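Below you will find one chain, with nothing else, as structure tokens; this is the form predicted alone, and questions on how it binds or moves follow later.
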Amino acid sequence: MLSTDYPVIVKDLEKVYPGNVHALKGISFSVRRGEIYGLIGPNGAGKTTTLRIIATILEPTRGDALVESYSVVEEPDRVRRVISYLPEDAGAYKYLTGLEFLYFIAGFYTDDQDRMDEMVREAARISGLGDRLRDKIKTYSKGMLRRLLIAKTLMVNPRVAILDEPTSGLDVINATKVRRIIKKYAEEKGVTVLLSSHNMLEVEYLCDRVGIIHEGRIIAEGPPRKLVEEYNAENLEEVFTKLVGEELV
């Protein structure tokens, strides 16, 4: 397995929180270049902990992850240069306009005005918010805010985009818009996307491959349609219930 073909390689990750709480119990998986890989499972399964370790927000108790061949344990600064990370609970400064916020974020990546302008134009295209970018963020709906945050995450053209529950709390229409934004951007730019979701049905549309995570372990992995066929199920939710031995009522 070549790291050039797999920009994300997770190896035996364990995370133990105070109180001997084992959030991760030896997770391993790899993400191919240019694919959208989803970690899916119920709340508390370990998805966010995994993404935070890969994004260098948390340190693992044991194990490691390589991002573009850089170790999150030994080379976190190098990892941060090639990723962009969007937490589930991310927000924005509500008294700025959308454009002001995007320029503020762009300023962390470059001090070249032309480059900043280019990044903000790209964010405007990705978000599809048009003239609403001139309005204060406090006037945005939750869906509009999420589209703005997705755009600021992708406008820097990261090698690996890490998105934690990108459609969490959105209605069907806005969730669909966000999924389309992610899928289109990955296809156009060839960016590798690693995301988490507790909505197993939506990732059937979005992800090339998924890892189903339960109680800190990956219990199945593969393309969504292949998993559904392998377990003779109607969808990924049914695959999950079969794997954990719970029957749907």
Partner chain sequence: MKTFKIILVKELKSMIRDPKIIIAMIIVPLILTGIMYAVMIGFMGQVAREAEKKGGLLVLVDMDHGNWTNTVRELLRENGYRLINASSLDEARRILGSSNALGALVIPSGFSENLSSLKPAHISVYTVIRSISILSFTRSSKVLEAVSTLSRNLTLIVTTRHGLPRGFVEKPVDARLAILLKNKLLETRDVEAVIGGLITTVIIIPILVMILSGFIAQLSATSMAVEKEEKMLETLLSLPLSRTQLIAAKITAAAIIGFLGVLVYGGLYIWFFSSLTTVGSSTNTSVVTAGISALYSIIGPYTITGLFIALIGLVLFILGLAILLSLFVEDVRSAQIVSGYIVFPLAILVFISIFIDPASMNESTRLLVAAIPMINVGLIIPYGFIGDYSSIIVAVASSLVYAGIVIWFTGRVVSTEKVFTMRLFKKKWRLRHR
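Numbering follows the first chain given and starts at 1. Given the structure is predicted, the values throughout are model-derived calculations rather than measurements.
If you look for the form predicted together with the partner chain, you will not find it shown, but the lines that follow are about it.
The stretch that touches the partner chain in the model of the complex, counting heavy atoms within 4.5 Å, is 51 to 59, out of 213 to 221, 33 to 41, 51 to 59, 64 to 72.
When contacts are defined as a non-hydrogen atom within 4.5 Å, all of 81, 92 and 108 contact the partner chain in the model of the complex. The closest heavy atom approach of residue 128 to the partner chain in the model of the complex falls outside 4.5 Å. Proximity of residue 146 to the partner chain in the model of the complex: non-hydrogen atoms within 4.5 Å are absent; the residue sits far from the partner. In the model of the complex, the partner chain sits beyond 4.5 Å of every heavy atom of residue 183. Using a 4.5 angstroms threshold between heavy atoms, residue 121 stays clear of the partner chain in the model of the complex. The contact residue chosen from 141, 157, 176, 97 relative to the partner chain in the model of the complex is 97, the criterion being a non-hydrogen atom within 4.5 angstroms.
Shown here without the partner chain, the chain has 15, 17, 18, 43, 44 in 13 to 50 lying with a heavy atom within 4.5 Å of that partner in the model of the complex.
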